[in-house]
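The chain below stands alone and is given as structure tokens, in the form predicted on its own.
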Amino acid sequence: MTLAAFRVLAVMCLCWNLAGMVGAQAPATTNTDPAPLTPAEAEEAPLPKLVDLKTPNAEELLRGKPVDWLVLLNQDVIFVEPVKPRPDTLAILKQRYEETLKIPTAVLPLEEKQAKLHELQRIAVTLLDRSEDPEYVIETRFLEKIIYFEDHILKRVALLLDERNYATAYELLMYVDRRHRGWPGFDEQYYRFLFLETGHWADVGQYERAMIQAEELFARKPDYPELARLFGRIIDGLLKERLAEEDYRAARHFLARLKRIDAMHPTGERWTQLLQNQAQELAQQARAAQQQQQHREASILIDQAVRIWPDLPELRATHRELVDRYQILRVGVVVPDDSSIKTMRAAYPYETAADHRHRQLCELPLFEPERVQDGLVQFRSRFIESWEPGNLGRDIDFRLRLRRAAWESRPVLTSGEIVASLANALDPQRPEFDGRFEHEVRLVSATSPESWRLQLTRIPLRIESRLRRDVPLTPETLAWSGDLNVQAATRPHQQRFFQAEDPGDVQIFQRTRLQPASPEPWHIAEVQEWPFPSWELALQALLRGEIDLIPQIDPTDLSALSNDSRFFVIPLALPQTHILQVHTASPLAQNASLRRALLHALDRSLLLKEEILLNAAPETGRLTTGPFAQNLSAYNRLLRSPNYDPIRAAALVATARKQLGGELPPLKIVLPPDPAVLRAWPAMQSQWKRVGLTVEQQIEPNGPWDLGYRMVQLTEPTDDLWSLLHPSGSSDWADLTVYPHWLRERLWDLEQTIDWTAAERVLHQIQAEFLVEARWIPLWEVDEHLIARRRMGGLFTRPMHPYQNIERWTLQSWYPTETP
């Protein structure tokens, strides 16, 4: 070794000791400087040996200063800042040296060539020192190797992987990748990290996470050892979980992902064969059920077989035959996943949206609303073929339609059964008694088995609206019809469809009348309502083909779904009107100031936009001034919508407080279990509280309440108005004494009129007076739309309710051929 080289090494030793870097590990940054050594002490201080040093830990590598180790021929180690070029510094300098030697002197003068060769035999380094001049050079012939900072990180990563500390190992790997992408040895450690962590996720049962990571490893290193075995373990876990949940679509999805990686993977072939066998077995059971005339079981079994493995070629024809024979309509309904929903439903005294939907599906009144025309709701009857007035309209002769079409699901009623049912409504001793109906009808009598007569004391405005009542099934009706489902006898009011099983997660409704065996096409035989905790999950099920119809579209997706060719988006004939009804026994019924305060304290425009319509499709909702739909002639279009005026509301609250003796009791409100209402309720409560009103939700069944949140569709305003006058919907005049005399006179005028123009005028007056007095608090009305897959036929253009004309609906079999 030359004197100059020894001098360089000696100075390096001095710098090392001055920096305080003595020990078995790499230096870490400190806040205090070490005391300087004397020259004599520096000459005696030895360099650390490689064998005595340990790999820096993760904290030192991440937080400390990057350090390279220069390993001398005698295994001494010098700590320097990262050298350049890197990596493979010595190999690069040697290659450049050899390339320079080959350069002819005609190109590169001799002196310049010697100087360049001399430079390529040295490395410029910066010692880890705080002295004034830490820059030095060292000849490469004294170096055995360079251990780079990145090499330390990768070595620590290997140790961390041995310890199963995957989080820290990943952090260090990303540090290397950001610092120097493509560093030698990085890929090997990263592949090992992916493989080991994937195995860890599989061990703890997080198979989907393991699958994603295994696919990433396959994309980078398809031939990684034991990767195929790991895929098999992951797929086993995934499919066991999905099949336990009967989620066959997800099972096929994961199998397809495995086949894209390895089409002949043993695990994939094993599960494929198992699912194929299961589908074939169900198909055989479906055929056996068909031979025994168990069409429902056959349809369910073959549909399940297709959902398990649709790629079996022999299933398609069988599926079409059996599913078309017994058609099951799957409907998705949004039921918020909240433990308080059942409590809310029990406390709510009115019909919920689900109750209304089920009533329209099951009950079959003598007259039912069919369409809206010229501002009026038009009615039709499935039972009555004709009705002729006589005696100046005071007698009406009805003739029944005893023959039924093949698609109709209804009993055959005789005049005796209808007369007996209507007679019960005229008897004050019967629970079916209707005071208003009894006031109008003098006598009801049967003139023959297929005709009956209604004798009136006065001519009603519309006789069809008075006969919107069903005739309960009796043993005689069942015997006369002959083809009704025997289970329908236990549900006498459910004559179109009946609820076949006790309410549970999935509600099942079946046709009351069994379909004939020979005529085609067959129609919907069963309706299943599947609950979903959110609109998003219901829409996902519709897109996947798991359900066929959703009765109400969320406003946020209305525009996009309307332009989707896969679906029918059908608007309903009447919007849904939201109002707050005042309980007649509440202090609100006697205090107009308090009622007006409730009205003016609500920013209805903001609530409608942000909470009900969710800032989307503003044309589907609008403010209202009464409970009638705005496309009906009964709606008073001359009324101005009440303003949001919190200052006025606060003044009215102060007035009401004074009128009530200086204290306002908290008000109770009953809410329907509807997602839109539940969104709007906290904001409504907050706005009332801002003006000094405390309104609390009533969740106790049969508990007292002051306000009722109603969502109504009043098809016949002159009759349906009564449902808003009294909490019970009573038609007894004695229950209306809470209202002032002039208002009862208006109601009496409405009851006596036989002219629709006069009735509209009275309805407009009542609406105006109720608005001025805040007898009810109008909120807004929202257009409703249903969405159905295009495989459905027979849908009404603008139905009155989602299930209108369902008896004539047909459902083409849908075969899931796409790869999930």
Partner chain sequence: MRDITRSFAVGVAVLWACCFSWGTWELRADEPLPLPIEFQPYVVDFEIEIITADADTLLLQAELSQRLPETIERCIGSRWQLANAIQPSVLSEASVPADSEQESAEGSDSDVPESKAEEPIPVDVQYHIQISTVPGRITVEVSAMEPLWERRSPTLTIQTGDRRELPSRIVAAMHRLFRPRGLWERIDDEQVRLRVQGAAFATPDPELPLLNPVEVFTPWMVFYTREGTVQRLVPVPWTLLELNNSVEGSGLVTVYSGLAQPLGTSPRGRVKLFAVAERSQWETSELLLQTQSQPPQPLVAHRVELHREVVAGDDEPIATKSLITNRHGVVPLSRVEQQPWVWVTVTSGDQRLAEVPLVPGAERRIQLDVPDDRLRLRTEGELRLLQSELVASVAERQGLILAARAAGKKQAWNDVTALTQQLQQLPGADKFRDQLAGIRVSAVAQARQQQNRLAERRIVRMCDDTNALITRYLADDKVRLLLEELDELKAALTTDPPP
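Positions refer to the first chain, counted from 1. Given the structure is predicted, the values throughout are model-derived calculations rather than measurements.
The same protein also exists as the form predicted in complex with the partner chain; that form is not shown, yet it is the one meant from here on.
Annotated contacts: His439, Arg648 and Trp733 all touch the partner chain in the predicted bound form [non-hydrogen atom within 4.5 angstroms]. Stretch 736-744 is the answer when you ask which of 348-356, 704-712, 661-669, 736-744 has residues with heavy atoms within 4.5 Å of the partner chain in the predicted bound form. The closest non-hydrogen atom of Glu773 lies within 4.5 Å of the partner chain in the predicted bound form. Taking non-hydrogen atoms only, Thr655 approaches the partner chain to within 4.5 angstroms in the predicted bound form. The partner chain in the predicted bound form comes within 4.5 Å of a heavy atom belonging to Glu769. Although the partner is absent here, Ser593 is a contact residue: one of its heavy atoms lies within 4.5 angstroms of the partner chain in the predicted bound form. Taking Glu751, Asp783, Glu760, Glu60 one by one, only a single residue has any non-hydrogen atom within 4.5 Å of the partner chain in the predicted bound form, and it is Glu751. Gly435 is the sole member of Gly232, Gly435, Pro82, Pro587 with a non-hydrogen atom lying within 4.5 angstroms of the partner chain in the predicted bound form.
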